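Below, in C-alpha cells: the form predicted on its own, a single chain.
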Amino acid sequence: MAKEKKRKAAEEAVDGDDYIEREDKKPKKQKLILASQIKNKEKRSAVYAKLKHEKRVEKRKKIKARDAASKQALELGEEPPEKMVPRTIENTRELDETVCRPDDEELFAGNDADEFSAVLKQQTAPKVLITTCRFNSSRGPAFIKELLSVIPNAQYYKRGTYELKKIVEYAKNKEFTSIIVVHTNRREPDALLLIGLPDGPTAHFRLSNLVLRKDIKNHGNPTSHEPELVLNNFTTRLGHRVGRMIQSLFPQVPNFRGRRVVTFHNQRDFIFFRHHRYVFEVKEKKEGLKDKKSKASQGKTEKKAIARLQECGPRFTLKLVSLQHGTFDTKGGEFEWVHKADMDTSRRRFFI
C-alpha cells in the first residue's frame, strides 16, 4: 500500500510540472523594434523607407477622404468640415499685452505725433545717407551698392575718420531723414545701425545670412522705379514702431509700372529681407474628357492669371538688438528696448 501511494504522488507531481510548463509556453508579445535600433545599415534603411511609404499612403488617404467629405457637403448644401490648423510655434506664442489691436485709439494718436509722421504723411520726401564703419571690408561696398539700388533717394558717403555724431550733425544740416551705418567684422557685414533724423530713434540690428545679387541663381536686375513695400507680421507696439521706422526709408507712393516689391517679413523676431520683380501671365487650362484615339480634349478652356517672381537681391536677415531714444549716443542715451539673454526664457516668447 505504501509503494502505491508513493507512485501516485510521483505521477501527480509530474502532471503538475507539465501544467506549469504549458503555462510558461504561452505566446509572448513581440517587442516593437525601431528602425534606429537595427544595426545593419541596409536593413535599417529598408525598414525606414517602408515606414515612410506607409505614412505617405495614410496621409494621402486622409486627404482624399477629407476632400470627398467637403465636396459631398457642398453638393448637399451643407457647411464643409472645418480645416485642420497645424500647431506651430507662431500660433501658440505666449500672450503679450503689447499686441496692437485695430481699435486702439492710443496707438493711432501716437502715430500722428511720432518722429516718422512727417515722412509717412508725405510732408517731406525720404532722403537716406548710407555710410560704413571706420574699418571697412571688400564685401561691405558691394552690399552698400545693392542697398543703393533698393532704397530710392539714398546716397553713399565715405566714413573716413569722422565720428558718428559729426556725421549726424552734417546729415541734419543737409536735410537727410535717415542714416544707415553698415558695420563689418572679419570682412563680413554683421550689423546695421539705423538712425532717424532729426530726433531719432536709433535702432541697432544684427545682420546675418547675407547673400549678394551675384550669388543668387537666375537673379534679375532692378529698375529705378519706386518699389512697393510689404511689412509682414509686425504685431506688437515695438514691432509697430520698428515697422514705421523701416517704412520711413521708402517713398509712400510706389510706381507700379516697375513691378518691384521689397519685403520685410518678421518671423520669431527675425526680420527677413527680400527684393523681387513680378510679372502676371495668363495660362489656358483645358477641362474635360480626353479621347484616346484622337488625343484631343473635349471641354471648356479656362484662363487663369499666374504671378511669377524673380529675385533681384540682396538677401539678408535682421535681428533687433536695441532701440534708443534720440540719435546715436553711447554714454547718455536712453534706451526704449534692449535685448538681453535673460529675456529668452521660452521658445514661444516674441517681442516684435
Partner chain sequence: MQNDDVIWDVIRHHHCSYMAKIQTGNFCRNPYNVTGICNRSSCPLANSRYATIRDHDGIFYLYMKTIERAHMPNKLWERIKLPKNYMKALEIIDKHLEYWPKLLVHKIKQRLTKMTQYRIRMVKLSKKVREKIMTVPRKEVKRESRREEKALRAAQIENVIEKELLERLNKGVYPDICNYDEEIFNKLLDKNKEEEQEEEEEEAEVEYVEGDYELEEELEDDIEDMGDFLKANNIDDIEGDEDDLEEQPTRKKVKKASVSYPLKQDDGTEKVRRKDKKVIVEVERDEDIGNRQHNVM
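Residue numbers count along the first chain shown, from 1. Just so it is clear, the model here is predicted, and its values are computed rather than measured.
From this point on, the text means the form predicted together with the partner chain, which you will not see here.
- Using a 4.5 Å heavy atom cutoff, His183, Ala305 and Ala341 all lie near the partner chain in the model of the complex.
- At a distance threshold of 4.5 angstroms between non-hydrogen atoms, Phe272 is in contact with the partner chain in the model of the complex.
- Interface residue remark: Pro86 is not counted as part of the site for the partner chain in the model of the complex, having no heavy atom within 4.5 Å.
- A residue is said to contact a partner when one of its heavy atoms sits within 4.5 Å of a partner heavy atom; Thr317 meets this definition for the partner chain in the model of the complex.
- In the model of the complex, Glu163 approaches the partner chain with a heavy atom inside 4.5 Å.
- The candidate stretches are 194 to 202, 143 to 151, 213 to 221, 251 to 259, and the one lying within 4.5 Å of the partner chain in the model of the complex by heavy atoms is 251 to 259.
- Between the options Gln155, Thr92, Thr98, Asn232, the residue in contact with the partner chain in the model of the complex by a heavy atom within 4.5 angstroms is Asn232.
- Residues Phe270, Phe272, Arg274, His276, Tyr278, Val279, Phe280, Val282 are the ones in 270 to 285 with at least one heavy atom within 4.5 Å of the partner chain in the model of the complex, listed in sequence order.
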